[in-house]
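The chain that follows stands alone, in the form predicted on its own, written as structure tokens.
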């Protein structure tokens, strides 16, 4: 079995299985954690409004920290939105999703997706440079931070090379692109990329608990 056939067949199916089982396992483990009973009287009712409010408020840095955090936050949004546009806007990706799930939707123009891929790659490189040059971030960063960045960056880079037919035969580039995406699927539940599945859950839980206590958020 050649590399492309493996990437399209067993590699894709096993990586998706690990992705969904791993995410389900992590989320189930978190939701089933034992919690101490709270016997206090709720000072404010409507915990869900507090959950939604904290999710919205923490989606952008507080004014007191905007001078130092606005730029990395903006770059982070460019990176995440760009990935979403690439994954769900490219025609080839939509066809793959349809073959797996039966779901389909109109694709975006290829030129727009290609431009978005370039912006996404540039924003990811900017975040990496900031992590490596900022003394505090460099001290706090570990293997997980750098490896998670790498497995997120490789599908973007190999996809751009495949579209441009640069570096190798198209079939080889396509296989490398698919294998890099499958590596991301496999790593996702076990590394810091899992924050994509936990960020709103954790923020919402904090908002609900703070609202119950009557704390200002």
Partner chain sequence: MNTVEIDAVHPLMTEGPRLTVEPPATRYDKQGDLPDGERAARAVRQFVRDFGATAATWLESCIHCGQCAEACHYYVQTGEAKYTPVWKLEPFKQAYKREAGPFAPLYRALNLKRDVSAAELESWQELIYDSCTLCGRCSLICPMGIDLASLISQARHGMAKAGLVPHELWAVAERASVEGSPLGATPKVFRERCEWLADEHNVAIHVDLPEADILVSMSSIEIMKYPDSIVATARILNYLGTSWTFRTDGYEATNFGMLSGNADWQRESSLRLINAAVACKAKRLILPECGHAYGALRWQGANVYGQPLPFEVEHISEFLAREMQAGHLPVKPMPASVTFHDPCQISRRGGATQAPRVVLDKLGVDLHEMEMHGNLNWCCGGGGGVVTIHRADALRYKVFQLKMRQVEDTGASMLVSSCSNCRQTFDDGQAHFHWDKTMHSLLELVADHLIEPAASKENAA
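Computed from a prediction, not measured in an experiment: that's the story for all the values here. Positions refer to the first chain, counted from 1.
Heads up, the form predicted together with its partner chain isn't pictured, but that's what we're talking about next.
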Mind checking whether each of 4, 9 and 169 has a heavy atom within 4.5 Å of its partner chain in the model of the complex? no
Contact residue in the model of the complex, chosen from 129, 100, 140, 112 - any heavy atom within 4.5 Å of its partner chain: 140
Residue 14 versus its partner chain, in the model of the complex: is there a non-hydrogen atom within 4.5 Å? no
Although its partner chain is absent from this view, report whether residue 107 comes within 4.5 Å of it in the model of the complex, heavy atoms only. no
Answer yes if any heavy atom of residue 65 is within 4.5 Å of a heavy atom of its partner chain in the model of the complex; otherwise answer no. yes
Can you work out whether residue 48 and its partner chain are in contact in the model of the complex, taking contact to mean some heavy atom pair no more than 4.5 Å apart? no
Neighbours of its partner chain in the model of the complex among 184 to 207 [non-hydrogen atom within 4.5 angstroms]: 189, 190, 192, 195, 198, 199, 201, 202, 203, 205, 206
